[in-house]
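The data below hold one chain only, encoded as structure tokens and taken in the form predicted alone.
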């Protein structure tokens, strides 16, 4: 089998310059595909539709950079460090089409997409203001109907099958077999897309995969390409590799409150660096990264 390992720049170049629908993995400040999003911004991929269960810094950056036209998600944050200020401001100013679902509803939509079925029934949104808001917007991903089997009302959720999905994981081999250590929530997201791109901390040998087959949560048949990007979720955390960088998250949280300060952050760290390695060097390089390396016992 031909190797699926490519550079991050090559992978992002496969995404059309305008109008792509991208699903992102990650959860607030954990295993976020930050390096991938930095490269999306550098390559100026515009008019994006972003689907995500829980958004974080990477999605806030994309919206703040003016590259997102629509977002479907259940909300998000920088965890204890703050809100997603750029997303909130864009919603308040009507700059993006934002559709807010519950986390479970988004997860079910990705599940339906991964199963190849057109919709999935649920009761989670019944009786909520969230459902009322979606119905008022005439959201085409929502229908409330009675089941032909038990006569009860259900919310029918349209499956999500984005053009691309992007997740960050701990390991993959050159064939594209992916290992995620610790808790995970984005496997259905990964499997729902027409193309899946995976950034990893380390590309391992296929022999390593053969010795640990039970750890493979995404087999190679789903994966289009893999890029090895050490610290690719920084300043967010990756279990068993490194913890989050609280100082960088605080810096971003403060900068994101003001548009001019956000633009300075974007220029200094993203547009002003040629790649993610240069960004990591700019913020302190190996000395800084060594401070957040995970404890081998606890994983954080």
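Numbering follows the first chain given and starts at 1. These numbers come from a predicted model, not from an experiment.
Omitted from view is the form predicted together with another copy of the chain, to which the following refers.
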| item | value |
| --- | --- |
| Contact flag, residue 158 vs another copy of the chain in the model of the complex, heavy atom cut 4.5 Å | yes |
| Distance check, residue 143 to another copy of the chain in the model of the complex, heavy atom within 4.5 Å | yes |
| is_contact(residue 147, another copy of the chain) in the model of the complex, heavy atom dist at most 4.5 Å | yes |
| Contact test in the model of the complex: residue 215 vs another copy of the chain, heavy atoms, 4.5 Å | yes |
| Contact assignment for another copy of the chain in the model of the complex, among 111, 204, 96, 200, heavy atom within 4.5 Å | 111 |
| Within 104 to 139, the residues that have a heavy atom no more than 4.5 Å from another copy of the chain in the model of the complex | 108, 111, 115, 117, 118, 119, 120, 121 |
